[in-house]
Each structure stands twice: as C-alpha cells, then as structure tokens.
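Read the single chain below, which is given as structure tokens and is the form predicted on its own.
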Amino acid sequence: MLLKENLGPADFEQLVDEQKATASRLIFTDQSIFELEQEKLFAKVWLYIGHDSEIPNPGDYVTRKMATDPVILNRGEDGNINVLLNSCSHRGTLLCTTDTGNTKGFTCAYHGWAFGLNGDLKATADDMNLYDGKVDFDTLNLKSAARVDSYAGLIFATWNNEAPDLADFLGDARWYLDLYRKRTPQGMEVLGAPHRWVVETNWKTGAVNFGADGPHAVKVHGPITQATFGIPPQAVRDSLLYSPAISMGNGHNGILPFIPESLRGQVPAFTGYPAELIELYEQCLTTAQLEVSRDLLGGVQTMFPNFSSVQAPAIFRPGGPPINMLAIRVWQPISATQMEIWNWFLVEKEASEEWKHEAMLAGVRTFSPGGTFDQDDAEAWAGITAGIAGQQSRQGDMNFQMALAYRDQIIPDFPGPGKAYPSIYGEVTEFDVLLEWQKYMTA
C-alpha cells in the first residue's frame, strides 16, 4: 500500500509509461491513489451529471454523484439548472434522500434547515433571531458547483472555477457526440431512471474499456454477439480489426465499428433505424457526419474521465429487424477496487412510442445489470481485480503495447476531427485515457 503523503508528481510519471505503453497495476488497486484522484482529478474536471430531459419543469430534481460527493441536480424557478452539494450546511446531513421528484425547496430532516432550489438558506431550526446577529447566514447557503453547462442535452458540472469552458473541454469530441445525440431537430430524451449496479473493479477499468477495447469483444462477447446482432464472430473481428479508433483530444476517445466489407451488400445503410428517423439524420448531420454514419455498426466512446456511451443494433425476434439502442453511463468511483455503474438509455424525441419501447427493450437485454454484454464485462472486470489484488500480482504492469504498433498510423484523410487510427485492435485510444489521467495526477 502506498502512502498518500509520500506520492508526488514524479511517482505518477513512473506509474504510466508512455514510451512502453504500460501502466502500473497499482493505479487500479491502491486506495491512496484513489483518494488522491478525488482532489487532483475529480475536483478539477467537468463531470457528467444528468440529461436535460430528466428535469424538464421548474422544481424537478434528481440526486446524483460527482465522484464520491452526493449532489442535487434541479431546475430552478427561473428555468436555470442548479447543481448543489447534497449536504446540509448545518451538520452535514444528507439533505435530499429521494432519487427524483418535484419540490419548491429542500428541508433537512435532522434540524429542519430549509433551502431554496438555488441553494440559498431560507430558514434554520427556529427563529434566526436566536443567533443574536452573530452569524452571517449568507455563508451557510448550500455549496454549488462552480460551473454548470450542457451540450446536446448532456449536463456537466465542475467544482473548479478555473476549468476551461465545457465547449473547449469537449473540443473535437463534439463532432462525434453529434453522431449519436444531435442527429434530429429535437434531440434525445432519457428512457426512465438510471439503472445502477456495483462491480468489483476500479472505475478506470470501465472508462478504458469503453475508450475502447476491441479484442475483448470477440473473446468475451463472441457467442452472444452472433445471437444478438446476427453477425458471426469472424465478421465482428473483421469490423473491429479494420475500423477506426479515434483519439478526440483531452482524454476523449472512442471507436467507430463499420459494417465489414463482406456484409456491405447484405446490411443496409443506417442499419437499426426506421426510415422516418433516417430522414431527420439527413437533415441535421453534416455531409461528413453522414458519410461516417451510413455504414456504422455501432459506436463506443469515453468522455474523460468517467462518462461513456455505447450504441449497437440488437435482434431479439427471429427474422425481425435490428433495433438500435443507445446507452450512456457513468463509472462512479466507490473505492480503489469498486465502482457503481449508472446507466441510462436515450432515444430520439421524434421516435414513435413503439420504437422507444423497442429501443428500451434492446438496451435492457444488452447493456444493463441483467444485460448479456454487461454480465460478460462485469465478470471479466472482477477477474482483473481478483487477479491483481495480491502482494506479488499488483507489482506488475497493465499492458497496452499493441499501441506501439499503431500510434503512428494515423489515417490522413479521415472525415472527422482528431486522430483516427486504422484498427480498433490498436489499444492507442484505451491507453490515451490513462495518459490523460496521468496529466491531472502530475499537475
């Protein structure tokens, strides 16, 4: 176990070796490193909180987490979005204990201190005059996030006043976010409350995997991929091996698996979507984005540090059409060896109710606590934690050395921004997540 007070920038320079494309197993197991992440990373960066469609009306709220801190996301009476620390400024009691609702304010169950939707203190346990004017109550409002902003309905917040604007933080990643979240005039909506489940692994395991790990798809998901997508494992491998992985900058990474050449004549363009939505995509996406979207088999992304998404077409009725699902999720850190996954499903607001129902079912059956793919991943990730928990086993490195073969192979004419690499098997974008993590930990 490392000692927190003894860890400095030089240590983190050694824990991730850019030249060798390796990372110490300690960054996935050591609690001291986990505690430092809370102050050096999660307190500094933009974090995903929720979707605009979850709080459409004044007074609507949901309770969420910013890393290990509980927060309340709400829409104020003025229509503005507030992100408040869910901790009473009197004695620290968890202020709001329900997941969602509508209210005019928040009252602490312990002493009755009451706060407005914007976090302003409205009342104490009794008459404020009992304090005899010796307390400045303006200093006892709820703590608010330093900055709150949104993109494509995705709401982010940060505790850091000096953080770059959200638009600058997302940067080139916005082009790729648009492929999945800004392809119709009205945009997306959330289908229900988030699914939540705990996995015995470090939060970075999920972020790196969705950054994205190509080879595991055939090895871990091979049989279920053929049953769910109607695509044989060899075709899946071909798609992953010869499709691009994208480094979008600022630690944002992802993959764009295309329909393999062997299936181009059999699989229609925009597979998994109804004609009425495709017409809207053609109105909203740019020519370059349409070029990329037509032959996409899916898509997986991680927006640094811990917000990810996955899109895939699923077939659950023999002979029936594929139904695209889109899941977004946060890898919530609990400890060095445990995370909680918060998972939502999105769909276009313009979609029919029938399509929304089918998309929800496709998501639940694939990427959810009971979904076939998440069950596969959870088992593999817990195996990592078990495999590197010992005194000897945690001394080794995580190996991303396929990146050595691919990191200089940048596609020169790829239609999207960022750096596109010719293979999802390349491990470059996975490792990029850890290189960005290292920047914050050495700052």
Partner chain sequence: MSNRVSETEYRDLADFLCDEAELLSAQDYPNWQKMLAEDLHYLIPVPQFLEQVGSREIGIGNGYFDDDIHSMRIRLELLSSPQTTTAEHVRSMLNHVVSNIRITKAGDDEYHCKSCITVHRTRFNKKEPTIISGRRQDLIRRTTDGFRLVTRQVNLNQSILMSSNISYFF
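Given the structure is predicted, the values throughout are model-derived calculations rather than measurements. Positions refer to the first chain, counted from 1.
Quick note: we don't show the form predicted together with the partner chain, though the next part is all about it.
- The stretch in contact with the partner chain in the predicted bound form, judged by heavy atoms within 4.5 Å, is 190-198, chosen from 303-311, 190-198, 256-264, 278-286.
- This chain is drawn without the partner chain; in the predicted bound form, the residue among Thr93, Asn102, Gln234, Asn118 with a heavy atom within 4.5 Å of it is Asn102.
- The single contact residue among Thr205, Asn82, Ser368, Ser87, judged by any heavy atom lying within 4.5 Å of the partner chain in the predicted bound form, is Ser368.
- The partner chain is not drawn, but in the predicted bound form it has no heavy atom within 4.5 Å of Phe28.
- Put simply, Gln409 is far from the partner chain in the predicted bound form: not one heavy atom of it is within 4.5 Å.
- Not displayed here, the partner chain is kept clear of Ser32 by more than 4.5 Å at the level of heavy atoms in the predicted bound form.
- At a distance threshold of 4.5 angstroms between non-hydrogen atoms, Leu36 is out of contact with the partner chain in the predicted bound form.
- For the stretch 289-321, the set of residues having any non-hydrogen atom within 4.5 angstroms of the partner chain in the predicted bound form comprises Ile315, Phe316, Arg317, Pro318, in sequence order.
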